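Read the single chain below, which is given as structure tokens and is the form predicted alone.
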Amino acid sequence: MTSREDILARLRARLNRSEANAAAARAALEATLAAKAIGPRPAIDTQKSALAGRLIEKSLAQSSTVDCVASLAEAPAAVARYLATNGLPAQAVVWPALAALDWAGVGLAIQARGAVDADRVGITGCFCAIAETGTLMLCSGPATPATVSLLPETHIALVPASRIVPAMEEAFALARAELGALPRAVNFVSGPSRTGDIEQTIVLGAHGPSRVHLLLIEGA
């Protein structure tokens, strides 16, 4: 027995979990999650255009920048324009899930892999976006490595308008419905990394990207 198996076995024993009652215990947990009441929160218009508008408003308030394109096929050109406008190199690391887009056709040198410390620009999608706070939810996996949004100084996120949800409760409900089990890492990104000293002077890029750019895909 490995250490992990030993620890899990002891936890199951303390919780009185066994193969015989595992299914019933899971059903009870799922019923509790499904019945959980949502606490007080702002009134949020759930129409698609309203969710997109609130996401943009809150993202700008979080010091992100935002651009919009009609389709996913237009994303590489919009990324190229953003990099050129900000004096950034025409190269980046991208989620393997986005590797099939025509990056080379707009003059970008793209590598589909996890990021390393030398990478200056990382391009990701998102699992969903949360309109209430202007937050991206990113779920790690072989095609969506977490480092791409964490290590580069500039993080560009492609956000389908159809994946904008009102609030955190809907984001986790969507994850449970579509993923079944949560992945190894779930990261929430609300604008660039920041910190503040004792005088409350805000510094961007303290322990993560100093730029976060959202590319809203209106037709996706």
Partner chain sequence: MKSRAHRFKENAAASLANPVLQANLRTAKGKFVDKRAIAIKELDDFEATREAAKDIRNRVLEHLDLWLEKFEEVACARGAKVLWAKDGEEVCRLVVEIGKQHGVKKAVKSKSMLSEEAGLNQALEAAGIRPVETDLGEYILQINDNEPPSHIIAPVVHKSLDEVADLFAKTHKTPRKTDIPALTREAREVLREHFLSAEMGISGGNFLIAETGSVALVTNEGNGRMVTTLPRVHVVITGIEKVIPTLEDLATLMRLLPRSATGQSISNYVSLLTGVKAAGESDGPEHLYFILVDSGRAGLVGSEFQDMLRCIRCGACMNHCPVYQTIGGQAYGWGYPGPMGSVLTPLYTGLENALDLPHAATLCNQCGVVCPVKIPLPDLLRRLREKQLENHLRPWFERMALKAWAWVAERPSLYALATRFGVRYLAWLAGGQKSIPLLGIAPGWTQGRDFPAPEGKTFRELYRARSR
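Take the two forms, superpose them, and find the largest set of C-alpha atoms that agree within 1.5 Å; that set is the rigid core. Keep in mind that this is a model prediction, so the values were computed, not measured. Residue numbers count along the first chain shown, from 1.
FYI, the form predicted in complex with the partner chain isn't displayed, but the following is about it.
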Thinking of P76, R81 and G107 as the candidate spot, does the partner chain come within 4.5 Å of a heavy atom on all of them in the model of the complex? no
Of A112, L101, A146, C128, the only residue with a heavy atom within 4.5 Å of the partner chain in the model of the complex is A146
Contact between V189 and the partner chain in the model of the complex at 4.5 Å, heavy atoms? yes
Is there any non-hydrogen atom of P160 lying within 4.5 Å of the partner chain in the model of the complex? no
Is the gap between G53 and the partner chain in the model of the complex 4.5 Å or less for some heavy atom pair? no
Would C68 sit within 4.5 Å of the partner chain in the model of the complex, counting heavy atoms only? no
With the partner chain taken in the model of the complex, which residues across 159 to 186 come within 4.5 angstroms through any non-hydrogen atom? A167, M168, E169, F172, R176, A181, L182, P183, R184, A185, V186
Once the core is aligned, please say if the CA of A61 is shifted by at least 2 angstroms between the shown form and the other one. no
Tell me, please, whether between the shown form and the other one the C-alpha of R26 is shifted by 2 Å or more, with the rigid core used for superposition. yes
Checking A181 here: with the core superposed, does its CA move 2 Å or more between the shown form and the other one? no
In the model of the complex, shift in Cα separation for A167 relative to E30, 3 Å or more: farther
